[in-house]
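A single chain comes next, written as structure tokens; it is the form predicted on its own.
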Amino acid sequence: MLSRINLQKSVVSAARQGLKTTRSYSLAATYFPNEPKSPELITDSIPGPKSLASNEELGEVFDNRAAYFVSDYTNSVGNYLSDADGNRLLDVYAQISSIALGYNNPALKETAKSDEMATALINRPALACFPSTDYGKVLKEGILAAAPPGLSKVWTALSGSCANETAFKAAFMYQAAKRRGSMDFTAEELTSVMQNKTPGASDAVILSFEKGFHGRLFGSLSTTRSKAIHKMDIPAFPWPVAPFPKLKYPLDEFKHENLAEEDRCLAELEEIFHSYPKEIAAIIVEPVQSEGGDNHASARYFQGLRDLTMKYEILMIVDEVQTGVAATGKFWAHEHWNLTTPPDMVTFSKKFQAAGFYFRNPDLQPHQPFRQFNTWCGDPSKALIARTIYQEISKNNLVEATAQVGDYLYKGLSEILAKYPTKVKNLRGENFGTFIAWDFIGASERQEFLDSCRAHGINMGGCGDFAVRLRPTLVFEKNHADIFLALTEDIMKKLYT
């Protein structure tokens, strides 16, 4: 096992970055007075014997082949995830970007123990038919209070995939209603739809982008283009795909090349819009293609997307399932673009612990009931959690704090990784909060690094073919960054010198 961290050295080393944060106190220390000061490693390897045994038992009844290790959430605290053996790892993966305020956050515990929560849990309503008396208030104080600029309505759903699926349905029904005008459904439509045929069943499509990931249900999986294994053996809609820019780094050294690449992609997209033989109801795009490798594009490119969708009367769905809720230094990542016109829909999940999509045009709600519908249509208990998450973010200025610690992390990583140009490349995510990633030269080198991270007490994840990504909580602070940077420097040094 590699050597343990010298905390004194780590603080001095990280302080050389020269960046300061405005907050004069540690919110993490206030939330989590018993949070470890550094990773706590008990076993010689991770997973340890208890985790292995527990995982083997779980495997008898549940498909656990993707498990890194079995976690003990009772023993997890703040930015530290515990495994079944009692090892506590600094977690910069945070349940695939889903933990906003740290493990066992006291504000969330208080919400969980409230009478409101008990009522929501034991009387889970079929919201579309029997909405609770307080659901509108809970939404207005939480999910809707956090709505992206220009969007004032929400449809709540069950997961990120479900959020995208229901946004697709809204797009199809909207475009069909616009064509149909004031006319009612025809007898032919009503008959043909029961045979899954046109004109009742639409042959319109959703366009997505190379390397995009939008979920694992049938519609969302048809728009997912990240890895073949995600889609193998599953029937898919024959929907179109457009190129997504492949930027070169460092950005300031490849300005001309990257502008040309983005222009190429926009030109190819417009050609698809112009010549595609079926109606394109909507496009769906991520601000950063997360599962596909943390692929970025410029605000100029995304404004170009918006201009084209408006020119061709195609809806724009922005998938903020992974990028949303403050991780990028804005509450919603697409706020970095400063679009002249907001997106038509923005989907969310993960860090909000709830799911759904925002919109502003009331016509994105079908005119007839029971069309955008399922039994639960979301979950009031999750809306209560989302409300607390939003209120804690707002009260403690966590959007700005995340932007600042992200700048600190990026500068520290740029100094460390610059020493290994033959092993790593394409550090990206500058001025984008803690949404930072870089590439290794190959998959085996990437895995070697991730395994070494775990052995040193860091839980970290990869994406795409060669990338590693940071996805820490919103209460990941400078002292946590110091530990992470020092360990990363130690690991890289031992692996490659």
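In this text, residue numbers run from 1 along the sequence as written. Worth saying up front: this structure is predicted, and the values here are computed from it rather than measured.
If you look for the form predicted together with a further copy of the same chain, you will not find it shown, but the lines that follow are about it.
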Taking 4.5 angstroms as the cut-off for heavy atoms, does residue 350 touch a further copy of the same chain in the predicted bound form? yes
Heavy atom of residue 49 within 4.5 Å of a further copy of the same chain in the predicted bound form: no
Does a further copy of the same chain come within 4.5 Å of any heavy atom of residue 440 in the predicted bound form? no
4.5 Å heavy atom contact, residue 286 and a further copy of the same chain in the predicted bound form: no
In the predicted bound form, does each residue in the set 62, 124 and 158 place a non-hydrogen atom within 4.5 angstroms of a further copy of the same chain? yes
Using a 4.5 Å cut on heavy atoms, which of 323, 222, 295, 309 is close to a further copy of the same chain in the predicted bound form? 222
If the cut-off is 4.5 angstroms on heavy atoms, which of these, 81, 282, 398, 305, is the one near a further copy of the same chain in the predicted bound form? 81
Region of this chain that lies against a further copy of the same chain in the predicted bound form, out of 390-398, 246-254, 405-413, 129-137 [heavy atom, 4.5 Å]: 129-137
From first to last in sequence, which residues of 45-82 have any non-hydrogen atom within 4.5 angstroms of a further copy of the same chain in the predicted bound form? 54, 55, 57, 58, 59, 60, 61, 62, 63, 65, 66, 67, 68, 69, 70, 71, 72, 73, 74, 81
